[in-house]
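As structure tokens, the next two blocks hold two forms of the same chain, structure 1 and structure 2.
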Structure 1
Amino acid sequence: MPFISQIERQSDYNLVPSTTPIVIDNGASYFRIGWAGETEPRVIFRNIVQRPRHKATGETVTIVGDHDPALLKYFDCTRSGPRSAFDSNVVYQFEIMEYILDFAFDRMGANGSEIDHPVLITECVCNPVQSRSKMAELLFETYGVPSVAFGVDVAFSYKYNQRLGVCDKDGLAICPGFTTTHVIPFIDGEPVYNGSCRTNIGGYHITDYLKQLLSLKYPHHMARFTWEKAEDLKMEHCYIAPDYFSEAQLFQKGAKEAEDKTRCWQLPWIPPPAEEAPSEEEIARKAAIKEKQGQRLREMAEAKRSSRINELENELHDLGFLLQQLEQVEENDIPSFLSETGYVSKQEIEAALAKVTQSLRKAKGEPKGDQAEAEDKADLATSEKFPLINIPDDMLTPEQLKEKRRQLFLKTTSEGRQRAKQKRSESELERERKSQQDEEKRLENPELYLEQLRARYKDLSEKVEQRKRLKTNGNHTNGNNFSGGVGRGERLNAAQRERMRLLTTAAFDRGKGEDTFGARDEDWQLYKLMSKDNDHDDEGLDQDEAEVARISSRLQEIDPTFIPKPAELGTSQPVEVPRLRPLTKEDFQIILGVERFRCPEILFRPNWIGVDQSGLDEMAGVSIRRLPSVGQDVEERLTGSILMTGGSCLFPGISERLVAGIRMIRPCGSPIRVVRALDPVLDAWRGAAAYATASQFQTQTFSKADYYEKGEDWLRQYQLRYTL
């Protein structure tokens, strides 16, 4: 299948005489083709081509114009996007142009590749001769067209409206098109191309600008803003403001008029189902399921606990039996006996026995006091007998030396554990004593106690802040008790500066020669001084911070009016996680406010999107100034008949805005009249179709023989006359 489209194929191609020309309006946005003398084109489609592959067969197909979105499930359109044959408004991709002409002639009903009708095709103003010659070559050699004529679409639209009395012979034609905007002056019904001008701004840029603004405003709905939808929103809601800044101030102030001009586009939205309160039966059913699951988990835990108790009891029995056997073994045979069991000494077996006993009591759920007592007994058992510690090494065998080192390690560990336990108990008793004293002071005189606590909190807070400031910036201030900007050396404390002095002494007191630092014993004393950390400021800082935190928590308990500092508040209270609210209907609404008139404003202010060119009103003045020397009366006739044509002149308010802009650059009292074409979109094709019916139309065409005989240079001088 060569083409995929929903456009019906014409069936009367063979009934039309071969002398009837085919009229083509080859626009950058839409392609229109039909017969001369008719009022409507036969075939209209977007001037784009897409060549995706079929997902099943891998065959490449050609899609010309708009395609049905349902085709996306059959074709892979991700690797082949829409392509146009135009660069701005000039045809330069003739491979794509050939696909478009094939499709257009096929929809017209042509059978085969030969087209035996004259062709009138439109082009842009001052079309490059290379593009024109390539188009003539394509029509003559590929389709066998007998004769071809090229005309400007703006001129055909102007002549068509002039024939209907909309505009005069002398006037200006302003055509804001799809990618460009042209202004052409007409004198005596003929275009004067020397006075024409162009700006690279059109409807494409307005649609793209609107798409970008909405995507930035609603990033969560970016996928909704397709090119087609942005085009529909532009044509349906955009307008030209008489005064942009006054219109923007209305929306900035939120006036009632601005609310009336605001439009809302509601995206598809399905409200979430309302959560109904569960019934009593549902609550009972869930409770029964939960109880059943809990019972199952309890049974599994009980079975696991029973299995664990059995394992520990068996292990305890084995260790007790092993100790009984060890007591019956002679002292000389003990090492060999222990090597077979995997233990090194009797103490290790007793430690393992105590550990298993403790685990068994824990598994059986005995009280905590008994467990602590068992731990104490285990510690005493491990530290009770260390017979090898006091024996000299030369009297021990290698195995006994290994056991001695192990006993030393066990003894050191046990003693360290006892010291840590004692220290913890002492600190706990001290904390309880201080708490009891604080409570007694508070009960004696609550007001005085609260005042003293607040003063203590204030002094410690200032002290901690001062230490932090001095640690960061040194001991220098700028006179206002604020730290000044100092260097790295001034930020060092006393201990760090002392280490720096020792390093400098070690580096420079040796003099020149070989570096012998470390060869003498006093060098190592110096090394110890350099590596020793005498900085006790951080330790004091940590103690003060802990005291501040304790006083702060105490003040929060007894004083409801106390508000801690933000730093302490952030450390003591968890950060609340923001809750996500459910989506509502308003979250799926696209509000069009200033975008309605901001996007079309680039027709008058192209610099807003980075195009440093003139707007529509300035282009009219530039076109008049470019004309050869004409009188004042001719200029007044030109501004007295300004015709607007092209798809981008359909915005409401563009005529009034253009009149106000041209009045600013014309002398006072000059007549200014701006009119819109009867149909700005189709008048170019209708004017060309009416022009092709004239009896002298054949004199304005050139045949295939003329093309082969005169070549490309003749096309350079070719120019159509619009008044026949």
Structure 2
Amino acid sequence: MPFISQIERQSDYNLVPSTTPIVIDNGASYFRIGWAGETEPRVIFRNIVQRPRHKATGETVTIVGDHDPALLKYFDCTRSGPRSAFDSNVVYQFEIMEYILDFAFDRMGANGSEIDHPVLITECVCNPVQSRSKMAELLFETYGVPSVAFGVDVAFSYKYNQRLGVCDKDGLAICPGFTTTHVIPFIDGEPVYNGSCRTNIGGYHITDYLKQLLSLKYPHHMARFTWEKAEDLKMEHCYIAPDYFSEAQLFQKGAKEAEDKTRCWQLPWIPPPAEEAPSEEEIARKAAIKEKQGQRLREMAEAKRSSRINELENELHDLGFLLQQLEQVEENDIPSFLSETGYVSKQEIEAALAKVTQSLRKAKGEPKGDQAEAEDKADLATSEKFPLINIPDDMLTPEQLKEKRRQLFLKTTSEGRQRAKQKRSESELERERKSQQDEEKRLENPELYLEQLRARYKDLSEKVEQRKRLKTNGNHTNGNNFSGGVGRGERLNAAQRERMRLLTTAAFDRGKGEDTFGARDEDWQLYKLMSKDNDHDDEGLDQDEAEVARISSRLQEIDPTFIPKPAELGTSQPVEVPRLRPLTKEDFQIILGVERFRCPEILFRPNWIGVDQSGLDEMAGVSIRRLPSVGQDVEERLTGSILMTGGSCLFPGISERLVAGIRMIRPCGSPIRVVRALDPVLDAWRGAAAYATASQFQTQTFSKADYYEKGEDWLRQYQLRYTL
């Protein structure tokens, strides 16, 4: 239930006699002004001033209080937010205060040459004298007020409720306000400021906390959480939990009660138009297009293949012809004949022929199985191919020597190739044998085999995981660390640690003793060790990985229940990247769960927002302790009549919580009664209005002459007597 401003201009100002005081409750959140003796203030508005620029004319104007936001569209408010005259609960900017008083008196209907009424205005407990004197000066000098009285709002509220029988003449007033919380003990109906205490926490902090928490929880809707909206949410939904941690536990466990206590705020959301599934026609059309394209590609490939076959056939034919011709040519003429064709020897032509035949076969799509045979054949003919190798050097001409060296080289390479091939075939045989053994084992005892395989898989995959983790551990960053893995608190792997050690020793070890670095060659190895590309992968990891892959594929073959670990696929991403999906209604819901009681809880635990003072319940104890020793019976009377007033005591559950909290700090058996003021928000004004009607009110005010005569020191001592 948000408070509503009343800012209609009053018309009966001139009907009120000039002896009737004007009563002002100058609260940090709301400003209330009215006539003494009435039960309701005439004008209420938020205690803020805005000075925006009018868009059309460009002049800076003053707007006091809160108005219809729709009207603010004519003003450029970007450069000036709402400003308050208060720092904490003390008025410190009297220019703003003046605008507010202007507006207030204007709406009260004042139209004479000055404000010809005594003024009773509230202030905070122990208001600094500077603030008090500036306020008095402002009222006297600018508005011509005949006399002024200052009083404390909490005291007025307490007296008002005391008169109505809500609380006794001895008691405690607990007042969680907008910026501060006060506890003031009352003895014989007078406030005892010696025993009062103040914690700098109030409704402002609760609203701000809620606003911040929500905008952190829903960063996409940050713009929605305006101050006014947060204030509304606070007033509507926040409550004080009887025991914070058990209540939070409910929410953590997701209990049924928690679900009932969760509130949901649905932001305006228009569902996007649903995408229609493509019609059958469309599908058919697309399939046809695809088919056509495929056909075209196939045709192109076919054409290319046939042209290549053609080409190769021609070449083959040419080569065959060439060979035939070569046979007919005389031995002596061969070089001259060959020089025309571009080949050097008959063997070369034959080799080219073989090559062309092979590629022709490949092009025609025949199996190339007998390629190996061909190779074998080639190998058999080694001695023919390399005729010069076995002939001693001294029997050869220089040319032949050269040729021999070439042949030697060719031979060694071909032998190496052959050896590799043999090894390959051997290992293949080995593998086959192994898998056969595997198969036999499996057939022998399928259960056991499967079990063993699984165990081995688990073992190995864990090992691989472990090693991977070790390796990448230093590189998991969470955005706080942009330098990539060597920031504070990062754990490095062994190689990186070693590197860092080397770097630091290199940086600090110089200088002591003589520098012999570089005298030995090994010294220079250091740089190699230091360089970043030093950290190479170890072989073992690869082997293990291969083994894991083999076993997992094997398991997949024979075990239908087996699912390979997803970790294998990608461990690099620590957090799942949210997939792009269409926004739903749920994305536009603001869920108020723990926040409902977390925010007002700061009244009891100011520590949570970094204010190192005790909370509401302990304040009562502090206040009683501060009183000069009054005796146990007075203390009991104090706790037997505790009045809560001020806007922030409207949270449901606050009185139960206060009773529980105060019971903990008071001696066993002491009476504790906590009551809420009849109207925690307006009672201060009502109390002040009632007070100002008393005939002795005149004795409590001071005039301009008094003020200038008695000086500042008197003003410091000035204190209202609340019991008249």
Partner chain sequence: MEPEVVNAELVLPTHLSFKRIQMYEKYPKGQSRGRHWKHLKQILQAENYQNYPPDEPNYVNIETPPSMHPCKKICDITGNEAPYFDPRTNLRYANAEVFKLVRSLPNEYVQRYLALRNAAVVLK
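Rigid core (definition): largest C-alpha set, two forms, superposition within 1.5 Å. For numbering, take structure 1's sequence and count from 1. Treat the numbers as computed from the prediction; the structure is a model and nothing was measured.
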Of the two forms I pasted, which one is the form predicted alone: 1 or 2? 1
Core-superposed comparison between structure 1 and structure 2, residue 341 Cα displacement 2 Å or beyond: yes
Would you say residue 350 moves its Cα by 2 Å or more between structure 1 and structure 2, aligning on the core? yes
Do you see a C-alpha shift of 2 Å or more at residue 245 between structure 1 and structure 2, with the core held fixed? no
Relative to the superposed core, what is the Cα shift for residue 299 between structure 1 and structure 2, in Å? 24.3
How many angstrom apart are the two C-alpha positions of residue 277 between structure 1 and structure 2, if you fit on the rigid core? 6.0
